[in-house]
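What follows is a single chain, given as structure tokens, in the form predicted on its own.
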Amino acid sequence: MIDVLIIGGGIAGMEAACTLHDLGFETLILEKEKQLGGHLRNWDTLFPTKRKASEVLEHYVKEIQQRGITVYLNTDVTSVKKQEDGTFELNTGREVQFKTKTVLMTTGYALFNAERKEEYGYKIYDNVITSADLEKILQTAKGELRSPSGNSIQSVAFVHCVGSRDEKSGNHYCSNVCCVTGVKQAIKMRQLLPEAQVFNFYMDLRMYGSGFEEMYREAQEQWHVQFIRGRLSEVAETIDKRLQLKAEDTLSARPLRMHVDLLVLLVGMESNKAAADFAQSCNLACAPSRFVQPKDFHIESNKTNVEGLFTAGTAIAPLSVFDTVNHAKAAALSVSEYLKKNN
């Protein structure tokens, strides 16, 4: 029987697997996608250092391979059931069954579907994209950067809190990393398009992490990114594929109208379907946000209400890569303590 079965091969799952292996436990990763990495595969650079995300991904994949940790790809877990003896039985879409002493959920998050905010025109107008779309564009950008419609880019607008802190979308929480992502991407656009104007529409900026406030100052002082406190009310497309924005500058209490060549929606994080499926199959408690509810946020944030079932990373809430790695290390220690007490 396996000591630890990790559901999810993103950065939290890989970090936890490496730490548990080094502590002497047999560990196995089940990943629903065809390769490891989760959302990290889709990011260009990481804040606040602007390090290439691919470097971090390559590091973890190499560590997994060097340790010989078993990984099952294209394996979707359909149910987690606790047995009378305290062990767990997991069923997968491949009709393969696993038995394990403990389960560590590192199932990550889902990106908010910006189509739900119809007023912003995502998937309606060519030149409205999400922050995730922009990361993919930046990963492969060569030469002059142009809008999806093929036009040159003279002006770009970013919209913060799309799908977060929003009554209409049903997500009342802050997604934690959208503000700094908007700052990072705004700087990148000014670097690639030095003649372009770049605007950020925000509710209020939450630069909570080390180096984040410094990036915000850099964006203003060095790259002349313009930050406008206000929310967009309407987006419309002109005949030449430009975008007309209507908004209110809430600091000056004045209506505002402008035209831009590219609109970037900073989409937040949501709990993914896996958490809901597992909650149903093994009575796992979820918070009102629909993320997994930790047993105790301050003292036992890796434990759940189901003994022997642990969690790490963005399965519990929106987190940065830095916080996710640290949370995964802590999860490995919690699992280790449990196994030592119950063996």
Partner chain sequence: MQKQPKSTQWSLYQKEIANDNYFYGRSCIRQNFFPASEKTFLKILREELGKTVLEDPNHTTCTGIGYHSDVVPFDTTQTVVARQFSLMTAMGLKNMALSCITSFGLYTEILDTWHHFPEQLAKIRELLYKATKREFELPENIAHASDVIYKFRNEIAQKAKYKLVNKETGEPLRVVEHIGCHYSKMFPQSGVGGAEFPQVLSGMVEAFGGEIVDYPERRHCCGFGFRNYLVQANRAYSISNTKKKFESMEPFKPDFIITNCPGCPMFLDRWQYAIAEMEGKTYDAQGKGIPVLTYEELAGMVLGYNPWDLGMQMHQIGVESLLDKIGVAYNPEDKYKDIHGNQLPVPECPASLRGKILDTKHK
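Keep in mind the model is a prediction, meaning the values are calculated, not measured. Residue numbers count along the first chain shown, from 1.
What comes next is about the form predicted together with the partner chain, which is not displayed.
The partner chain in the model of the complex is approached by residue 235, whose closest heavy atom lies within 4.5 angstroms of it.
In the model of the complex, residue 116 approaches the partner chain with a heavy atom inside 4.5 Å. Contact check for residue 126: a heavy atom falls within 4.5 Å of the partner chain in the model of the complex.
The shortest heavy atom separation between residue 253 and the partner chain in the model of the complex exceeds 4.5 Å.
With the partner omitted here, the stretch from 130-138, 222-230, 244-252, 77-85 that lies within 4.5 Å of the partner chain by heavy atoms in the model of the complex is 244-252. Residue in contact with the partner chain in the model of the complex (any heavy atom within 4.5 Å), chosen from 199, 122, 202, 98: 122. With contact defined as any non-hydrogen atom lying within 4.5 angstroms of the partner chain in the model of the complex, the stretch 176-197 contains no contacting residue.
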